[in-house]
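Just the one chain here, the form predicted on its own, laid out as structure tokens.
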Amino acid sequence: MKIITSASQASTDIAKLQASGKTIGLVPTLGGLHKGHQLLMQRSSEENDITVISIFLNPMQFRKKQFLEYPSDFEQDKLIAQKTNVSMIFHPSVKEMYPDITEMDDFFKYQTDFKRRDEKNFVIEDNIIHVASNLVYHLDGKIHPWVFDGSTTIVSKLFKVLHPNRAYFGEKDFQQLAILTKMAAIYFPKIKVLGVPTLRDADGLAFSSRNVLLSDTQRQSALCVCHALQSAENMIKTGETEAKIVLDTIIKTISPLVKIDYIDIINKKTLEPITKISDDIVLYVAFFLNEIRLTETVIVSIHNS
């Protein structure tokens, strides 16, 4: 397994592999690898000759405090990658990926909204991709749209360096997946973006790098969010069509120790909030346990007669 920190070296190595007929699967990560990431890597290994992961904690996707406290251990990440048939880790520095930004604090200046955001089109300014408003102003994007500008910008940079045939992302971050799928279709039509269903631990909690920060009590509180969404899914599948009733039930079921940051039911295709449930939908909750922010996502398929 190669570990490469240079973008130019990574591009050269990938070009040689593709020239020999090898297909490349990419799993972009922030580090802090867990079994959910392993599922993405395994899927990539099954569908490609070579699996590459990137480990890059992207400052543009975080508030400063969250960035500094993000749980990651590169030595542990290397061991996990090696066990999961990864051929290459691309582990660049911040300077390698953002050569024009001189001070770390400059990243956190992007956390005000972009005033000229286009309704339907991505806008590129100062080498940053600003996501179209019809994609970003839903779910978490209502609170911090700049996060998706950050993830879209870094994935675009990774695509330019690594030129994968396929890239794999978790469905847990559903809005990010939708945005990156659209971005790739426009700027990288030869790269196929694939969503992989959420992997859960034995107790039902969705795998997240931040789970290691939870106390036993906090983990139980996080599980109550998971159970609330599963109960809501059952309500919908047994005939409930009023989104407000489902949302109210979720809120009442969640532990008072949980601080809800954002909750909604959206149409899976359009990302628009709905009032009547008649098509495939996404149940989504972002929440805090003290200072730890987690999300839960459940995709519900509606089979119309």
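Quick note: we count residues from 1 along the sequence shown, nothing fancier. From a predicted model like this one, the values you see are computed outputs, not experimental measurements.
The same protein has a further form, the form predicted together with pantoate (PAF), not shown here; the description that follows concerns it.
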Complete contact of T29, Q61 and F169 with pantoate (PAF) in the predicted bound form (any heavy atom, 4.5 Å) = yes
Partner-contacting position among I154, A228, V196, L135 - heavy atom within 4.5 Å of pantoate (PAF) in the predicted bound form | I154
Pick from T84, N211, Q176, N165: which residue has any heavy atom within 4.5 angstroms of pantoate (PAF) in the predicted bound form?
-> Q176
Pick the stretch from 21-29, 279-287, 7-15, 293-301 whose residues have a heavy atom within 4.5 Å of pantoate (PAF) in the predicted bound form.
-> 21-29
